[in-house]
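Here you get one chain, nothing else, as structure tokens; it is the form predicted alone.
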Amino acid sequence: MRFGLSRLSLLLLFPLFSLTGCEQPQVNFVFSEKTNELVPEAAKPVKEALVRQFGNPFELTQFEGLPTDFGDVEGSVKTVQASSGEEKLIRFQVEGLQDAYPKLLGLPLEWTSGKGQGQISRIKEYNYETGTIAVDKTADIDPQPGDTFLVECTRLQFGRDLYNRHCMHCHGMSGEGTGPTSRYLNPPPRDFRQGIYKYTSTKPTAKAQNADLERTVKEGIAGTYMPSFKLLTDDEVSAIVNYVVWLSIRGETEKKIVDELFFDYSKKVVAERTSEDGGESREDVMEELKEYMELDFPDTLEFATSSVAEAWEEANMEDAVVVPETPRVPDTPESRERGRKLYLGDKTKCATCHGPQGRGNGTATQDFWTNPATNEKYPNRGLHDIWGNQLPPRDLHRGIYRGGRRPIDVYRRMYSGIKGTPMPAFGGPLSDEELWDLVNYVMSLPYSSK
């Protein structure tokens, strides 16, 4: 097909017109399937609360108490541009943001002095070269030279932009693990919204430390499609992890508040309650729901966010890390033999999953297991993780240790288990010496590509 010059010019110019003068596309975080299974009268306030607490991908919001680095920076008004009465935005030049992350569009700006003190404005335009900001013109906002403000979430936005560039394609906009590439990947990308990460240095019930997640980003996960991002700087990796933790907190908060509502106000339950057998009227159920939302929901929301935040904060404390009390037992034939007996014995039952030869073909792989979330049998034989993925036990002869191949990494896998999977924690039942014997045995298994 041939085009005339004028038509070709229009085609070439179309992308330019499409990119200039446009506002940021309206993209929202994805709500969980369970949220969407609530009756609309319950789902709506849940979604509104999440947007109020966390904003959306292009208008991030912060609130007190989260263990994430929002990255607030201080600035002041230098000059204010004159504007007509019909203009909806007011523009002003600022000082103090020279060292801030240069992409401030969509971030909240809190006025700390002047007429608008205590008010929050969204940044609708930001020109880094001229230092000009535009916000909505309202009766409460009347910037004057010298007025001061905080721009919130600059660190979070830095992490978000890096995440969208490097991670979103697999892990999704909300960290839900359903990015455009995810359908082609096995194992599928992690869903961050449960706040569970497999490979950590922390104790069995603790969350991951930021350092664990940073190591995963830098090193990747061997044997999966998770690549290494060693070309990123330490600061960039840290910013990505900061944002991933924030996504996890958002997802966990959503899960907790929806769990509170689901057994009484899911579409299925409400249909059962208002059926002929249920004997309740929809008006009575909705009145009950309204009362719950007015009286109890604010406390539920506060408890959900504070408990999730506290768990993440505790994970980054020093005593959350698994530190062996005994140095590694020397890797001798005697230690390996003790480890082999533990591997085959009833105290660990490692062979049940990994097989007597460590080939990943134990008898557990032939059973139909029950999904703990639904209490129903999985349709396929074998083990599954909490995300519902079939999970073959590791073939220990392949030399692939997804959580790291240092002896301390293997020790921690045995001490804490692998979170979100059937791999149990042996940190209580086994002594330190026994754990090291197991490490020595497992790491002594010969490599085989078959």
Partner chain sequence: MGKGWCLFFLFWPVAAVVSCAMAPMVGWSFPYDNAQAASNLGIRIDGLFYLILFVTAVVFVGTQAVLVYALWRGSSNRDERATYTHGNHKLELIWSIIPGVILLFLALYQMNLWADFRIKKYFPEAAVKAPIAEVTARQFEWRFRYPAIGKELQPKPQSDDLYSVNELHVPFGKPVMIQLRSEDVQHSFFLPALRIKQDALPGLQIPVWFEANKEGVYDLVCAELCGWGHYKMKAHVIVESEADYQNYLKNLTQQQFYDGLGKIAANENDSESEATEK
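Everything numeric here is computed off the predicted structure, so don't read it as measured data. Positions refer to the first chain, counted from 1.
One more form of this protein exists, namely the form predicted in complex with its partner chain; it is left out here, but the text below deals with it.
Engineer: Using 4.5 Å between non-hydrogen atoms, is residue 223 touching its partner chain in the predicted complex?
Structural biologist: Yes - in the predicted complex, heavy atoms of residue 223 and its partner chain come within 4.5 Å of each other.
Engineer: Evaluate residue 365 for contact with its partner chain in the predicted complex, applying a 4.5 angstroms cut-off between non-hydrogen atoms, and reply yes or no.
Structural biologist: No, no contact at 4.5 Å.
Engineer: So in the predicted complex, does any heavy atom of residue 307 sit within 4.5 Å of its partner chain?
Structural biologist: Residue 307: no, not in contact with its partner chain in the predicted complex.
Engineer: Give a yes or no for residue 124: in the predicted complex, does one of its heavy atoms lie within 4.5 Å of a heavy atom belonging to its partner chain?
Structural biologist: No, residue 124 sits far enough from its partner chain in the predicted complex that none of its heavy atoms falls within 4.5 Å.
Engineer: Is it the case in the predicted complex that 170, 215 and 230 each bring at least one heavy atom within 4.5 Å of its partner chain?
Structural biologist: Yes: each residue has a heavy atom within 4.5 Å of the partner.
Engineer: Only one of 211, 311, 150, 80 gets a heavy atom within 4.5 Å of its partner chain in the predicted complex. Which one?
Structural biologist: Only one option qualifies, and that one is 211.
Engineer: Let me know the one among 347, 166, 341, 103 whose heavy atoms come within 4.5 Å of its partner chain in the predicted complex, would you?
Structural biologist: Contact with its partner chain in the predicted complex is made by 166 alone.
Engineer: Only one of these stretches, 128 to 136, 70 to 78, 326 to 334, 248 to 256, has heavy atoms within 4.5 Å of its partner chain in the predicted complex; which one is it?
Structural biologist: Checking each option against the 4.5 Å cut-off leaves 326 to 334.
Engineer: What are the residues of 411 to 442, in order along the chain, with a heavy atom within 4.5 Å of its partner chain in the predicted complex?
Structural biologist: 412, 436 sit within 4.5 Å of the partner.
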